[in-house]
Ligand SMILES: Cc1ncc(COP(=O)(O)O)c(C=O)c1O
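The chain below stands alone and is given in structure tokens; this is the form predicted on its own.
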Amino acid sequence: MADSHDSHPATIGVHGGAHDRTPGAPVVPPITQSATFHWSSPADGELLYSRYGNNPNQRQVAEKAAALEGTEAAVALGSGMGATAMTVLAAVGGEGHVVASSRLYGATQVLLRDELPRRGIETTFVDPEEGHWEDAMRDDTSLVFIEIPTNPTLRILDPRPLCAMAHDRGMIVACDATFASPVNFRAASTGIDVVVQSATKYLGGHSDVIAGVVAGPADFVREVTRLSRLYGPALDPHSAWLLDRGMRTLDVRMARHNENAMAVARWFEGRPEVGRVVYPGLESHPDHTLASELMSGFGGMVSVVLEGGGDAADRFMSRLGLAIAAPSLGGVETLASQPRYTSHVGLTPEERNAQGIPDGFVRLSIGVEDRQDLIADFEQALAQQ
């Protein structure tokens, strides 16, 4: 597709990436379910091997992801955490230092705090609400890692001044933008260098594939690809095909997610059983004005804090009839989870409270069902408190 970066997301989702348009070619790219390909010497061209990330399905979906993000290149990997880990290793290299937001997906926090120090990579965490980024930066800092919106508190950080500060010091800024999707937030347009997506979520959209994407400058993506060939988080061809299929409907799905989540969030605001509703589209959200400026839609994630604490959250979850109690997010079905048991189980209660995730906090991934049916389900679950 020529000049796909200049097209709108709905068009890129359908047509982005290389397609064979010769007469008789399939409209839907076939699954190239092969680990290896005929090759005897460099005279035969590039060595193709699915672990290398250059299987036709892997390449096609990576090109589409880059077009959606508005970056030079992208690589699709076997999971969102694989994408995160490869991003950090590519940016830092050997021993080095990372400055990271303290409001990150729980597994990302554990990776930076507990695992990577064993490899000589240290991380200083900064509360984005306080914003003491410059104080945390060192001479050996090479990466700033943030998340927009944050998981699960849905705070919105303005990346533009942070990017300017980091770039003045020769640092790379990477952002996990999974909760937004490139439809609602084109992170690269704000100055962010590298965008990480857990493609398991909105990009795939059907809760049937595990995948991740790293999008950014071509040189950086080449380094991520090189490391992935050593560490092994390749995306298998069938999963790449499923991811491409999901991305074809990304724009239309996100429109429905956005509409449903706004309706649900407004309904929860009027419920006495709910102490706090967190959704960037609400005027009550502390970052609503900034979110309105940076985002073209507010997303499908809604968080609520129940007045009765953890016990009330347990009861609410057990009584859901339409919404499904399950971890993950971004699928066509509505999912509900408690971060204390799932995404942030690796943090202590004190750490969760400090991040605004008390017991009683329920994270809702609002799907594409009829919103009145969803509201009726939430109403009956709350009524039995």
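As the structure is a prediction and not an experimental result, all values here were calculated from the model. Numbering starts at 1 and runs along the sequence shown.
Keep in mind that the form predicted together with this ligand is not shown, yet the notes after this line are about it.
By the 4.5 Å heavy atom rule, the three marked residues 265, 366 and 371 all fail to count as contacting this ligand in the model of the complex. Shown without its partner, this chain lists 87, 181, 200, 71 as candidates; in the model of the complex, only 200 has a non-hydrogen atom within 4.5 angstroms of this ligand. This chain lacks the partner; the member of 249, 79, 190, 124 within 4.5 angstroms of this ligand in the model of the complex by a non-hydrogen atom is 79. In the model of the complex, this ligand stays beyond 4.5 Å of every heavy atom belonging to residue 304.
Proximity of residue 291 to this ligand in the model of the complex: non-hydrogen atoms within 4.5 Å are absent; the residue sits far from the partner.
By the criterion of a heavy atom within 4.5 Å, residue 312 is excluded from the residues contacting this ligand in the model of the complex. The closest non-hydrogen atom of residue 147 lies within 4.5 Å of this ligand in the model of the complex. Segments offered: 206 to 214, 129 to 137, 233 to 241, 109 to 117. Contacting this ligand in the model of the complex at heavy atom distances within 4.5 Å is 206 to 214.
Residue 329 is the sole member of 308 to 332 found to place a heavy atom within 4.5 Å of this ligand in the model of the complex.
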